[in-house]
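Only one chain is shown below, in structure tokens, and it's the form predicted alone.
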Amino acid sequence: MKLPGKVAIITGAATGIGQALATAFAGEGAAVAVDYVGPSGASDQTLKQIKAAGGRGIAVAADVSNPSQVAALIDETVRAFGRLDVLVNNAGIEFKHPFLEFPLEQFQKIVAVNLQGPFLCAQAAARQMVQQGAGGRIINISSVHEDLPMPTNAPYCATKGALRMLMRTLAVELAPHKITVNNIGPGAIYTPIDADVEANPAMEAALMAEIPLGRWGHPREVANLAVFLASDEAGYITGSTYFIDGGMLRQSGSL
């Protein structure tokens, strides 16, 4: 096991990549706090997978853009498991519109969840880690769109670019406390939300043409990378984004 005895918070862990992260962390020995928004049963499937992996988990409803709810997320995790070692900022949203028509309220919501959320969660988690005195790990699930433009998705791309500089700055500032900070930048990772693309052969072929490895990535592949960055083996790694995109950034145009 790579994370024996560790305690992790994973935001947005009810579905998709977040669910894969939670399951993988549990399978490697970590106790996991599953952050989610929505109805009370939204996290049930993730908790079942954690149990099946032999791990321990709790579910905490928290909007990552809300400071008081973020504080409660940290407090409930520490109350349940005694400490906090790893934060994975996975929660994120996007809305797509042409830039000239982009609604301000949707821009503000994207910024609140995708940028303010990681800021608040990292700050609260780092305070707990500093208090414990044993270091820690902060991992942000970013995107290839840190670097790659995506027309009709300007606010999302802007938040991911900002998340890169937030990560780099925190990595330097928190290093004296033995807290590492890194980003993971997924490319085309298949989750159920992509079913419409998979069902459209022309659309899927166009996407695959942008990926040298010629296939979708899988949530578990992102989770495996996160497990490594959270482990003791990655103790000398901080301040960088690690892209997992099948080579897309080396070949792609603007998607």
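Between two forms, the rigid core is defined as the largest C-alpha subset superposing within 1.5 Å. This is a predicted model, so every value here is computed, not measured. In this text, residue numbers run from 1 along the sequence as written.
One more form of this protein, predicted together with beta-D-glucopyranose (BGC), exists but is not displayed; see below.
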{"item": "All of 118, 168 and 173 with a heavy atom within 4.5 Å of beta-D-glucopyranose (BGC) in the model of the complex", "value": "no"}
{"item": "Close approach of residue 94 to beta-D-glucopyranose (BGC) in the model of the complex, 4.5 Å, heavy atom", "value": "yes"}
{"item": "In the model of the complex, residue 188 touching beta-D-glucopyranose (BGC) (heavy atom, 4.5 Å)", "value": "yes"}
{"item": "Close approach of residue 193 to beta-D-glucopyranose (BGC) in the model of the complex, 4.5 Å, heavy atom", "value": "yes"}
{"item": "is_contact(residue 42, beta-D-glucopyranose (BGC)) in the model of the complex, heavy atom dist at most 4.5 Å", "value": "no"}
{"item": "Partner-proximal stretch of 119-127, 75-83, 142-150, 97-105 relative to beta-D-glucopyranose (BGC) in the model of the complex, 4.5 angstroms, heavy atom", "value": "142-150"}
{"item": "Sole residue of 225, 53, 61, 207 within 4.5 Å of beta-D-glucopyranose (BGC) in the model of the complex, by heavy atom", "value": "207"}
{"item": "Sequence-ordered list of residues in 152-179 near beta-D-glucopyranose (BGC) in the model of the complex, where near means a heavy atom within 4.5 Å", "value": "156"}
{"item": "Rigid core superposition, residue 44 Cα moves 2 angstroms or more between this form and the one not shown", "value": "no"}
